[in-house]
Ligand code: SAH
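Next comes just one chain, in C-alpha cells: the form predicted alone.
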C-alpha cells in the first residue's frame, strides 16, 4: 500500500506536501486559536509537519493517516526531532473512509480530497470524526483564472476545467453544504514555487544516484518538463488554500 513512486521520489525531501510554506502553516495554526490539548485527525498527513509543529507550538495532540510508508516514517522521525512523539501518532494506512475512534476538535484533509470522492464527500467523512462545534480543515485547489481550454486545465494537472472552482464559488459551495467559513490561508506564487521547484533538485539528485534504475526514464522526463509546465500553467492559473469550516 503506497502512493505512486514518482511522488515518493520527487517529494522525498519535502516536509510539507502541498504549496504551503512553514510560515503559512504556522499562520494557519495560530489563526485557529486552538486550546492546549485539542485533538486533531489529519487524513493524508504526509510527513507530519502540521501535527508535529502544532503539537510543539500549540500543545495539540492527534493522529495522522497516510498511504505512503516513506512519508509516515518521516513523520515519526519528525515527531522525535521536535520532542512531540508522545503527543502525535502516525499510521500507515488508507485514509479513505477512516473515522476516528475518539471524536476530535479538528478534522483535516489538506490536499487529498480524493479520499472522499471530492470536497463534499471528504467534508462528510471528516464530520463523522468531529466533536460538536469542531473545525473541519480542507485544503483544495481553485482557479485563479479560468483556463481557456481543457488542454490548459490538464496542463495544470487537473482532469478538466470542471474539477476546480474559482475562489468565490468554492467558498459559496461550503455554505451550500451547511458550513460557515471561519478562516482561510491561501498559497501564493512563492509557496507554489517552493512546493514545485524543490522537487527538481530532489529528482536530479536521485537520477545522479540511480542512473540504472528502471524508473530513471520517467524521472528524467518529469525533470525535463516540469519547470516550464509549472511556470506556464500551475503558477499562473491555479490557487490553493486551506479553509476552516464550522457546521451551522
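This structure is a prediction, so every number in the text was calculated from the model and none was measured. Positions refer to the first chain, counted from 1.
There is also a form predicted together with ligand SAH; it is not shown, and the following applies to it.
Not displayed here, ligand SAH is kept clear of residue 9 by more than 4.5 Å at the level of heavy atoms in the predicted complex. Ligand SAH in the predicted complex comes within 4.5 Å of no heavy atom belonging to residue 234.
Contact check for residue 163: every heavy atom lies farther than 4.5 Å from ligand SAH in the predicted complex.
Though the partner is left out of this view, residue 115 does reach within 4.5 Å of ligand SAH in the predicted complex, counting heavy atoms only. Segments offered: 182-190, 26-34, 203-211, 39-47. Contacting ligand SAH in the predicted complex at heavy atom distances within 4.5 Å is 39-47.
Taking a 4.5 Å heavy atom cutoff to ligand SAH in the predicted complex, the contacting residues in 58-80 are 65, 66, 67, 68, 71.
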